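Quick setup: one chain, the form predicted alone, written in structure tokens, and binding and motion questions come after.
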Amino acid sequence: MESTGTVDDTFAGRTAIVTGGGSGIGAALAHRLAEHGAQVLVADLDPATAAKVAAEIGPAAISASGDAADDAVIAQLITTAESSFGPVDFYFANAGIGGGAGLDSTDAQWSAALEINTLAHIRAARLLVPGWLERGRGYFVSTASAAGLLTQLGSAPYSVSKHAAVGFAEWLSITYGDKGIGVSCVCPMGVDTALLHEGMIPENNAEAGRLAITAVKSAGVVLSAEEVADTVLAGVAAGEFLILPHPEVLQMYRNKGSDYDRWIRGMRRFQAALENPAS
């Protein structure tokens, strides 16, 4: 999908689905999309939060609930959006979870992180892309994380699943970017949401979860969900693949690529400093 250059021109009259739309970045995206003229289906695992956001927005929004990693749920979201507003133009694969900690992460924690943080994106694209190819346009927005470019101290499942989300978004853009389909990958650091404050703490290893939270908060400023949403919509309007609400992530990523071993040593020192602040 070609960039139109302005946020209003990009989204006015379009139909968007936002998963994880009941709170945090998803709720902020839904509000901002409607403010710029889009019609929005707010999807969330929690039907009450999705309905609340849709009610706040008004007639330009409806809500739906279900597991955003479930093929049948995704298909129903698309059908509901189409019957209420028209063909889906934008899909914001925004739902996400923290997952487990380290090698003590259970198979269930690994599966849950990979399901919602990665496979949910693949399944949505599988259902949407054929229709977008026929129409000659469509736009997929993947909410990944700076952890998908760098890493996440204290959470192996989160880090690995977000790396996979970035990898899939790259492949999607390369494969379909010249066929009318736009792809953006959003990679923020700290955002003031429940995921940062609570969602990174697994029941079986609270200490590692607190390390993960401290690492994110120490790495840079914690942005509001609304600030991130504004950056995302501006990036989509500009047709940017990599959207970085924290611009400093780009330099971190460059440092990683320029000398991988040095970067890993630096991350080890950062982890040690967080684990032993007195030293």
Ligand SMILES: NC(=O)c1ccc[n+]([C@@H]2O[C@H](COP(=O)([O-])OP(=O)(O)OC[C@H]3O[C@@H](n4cnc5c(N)ncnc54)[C@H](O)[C@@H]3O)[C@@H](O)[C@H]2O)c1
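Numbering starts at 1 and follows the sequence shown. Keep in mind that what you see is a predicted model, and the values were worked out from it rather than measured.
Separately, the form predicted in complex with the ligand exists; it is not shown, and the next lines address it.
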item: Sole residue of A95, I74, A156, V141 within 4.5 Å of the ligand in the predicted bound form, by heavy atom; value: A95
item: 4.5 Å heavy atom contact, T118 and the ligand in the predicted bound form; value: no
item: 4.5 angstroms heavy atom contact with the ligand in the predicted bound form for V40; value: no
item: In the predicted bound form, L250 touching the ligand (heavy atom, 4.5 Å); value: no
item: Any non-hydrogen atom of L242 within 4.5 angstroms of the ligand in the predicted bound form; value: no
item: Listed range touching the ligand, judged in the predicted bound form by heavy atoms within 4.5 Å, from 55 to 63, 234 to 242, 250 to 258, 40 to 48; value: 40 to 48
item: Joint contact, G26, D67 and S145 to the ligand in the predicted bound form, by non-hydrogen atom at 4.5 Å; value: yes
item: The ligand in the predicted bound form - contacting residues of 163 to 191, heavy atom within 4.5 Å; value: P188, M189, G190, V191
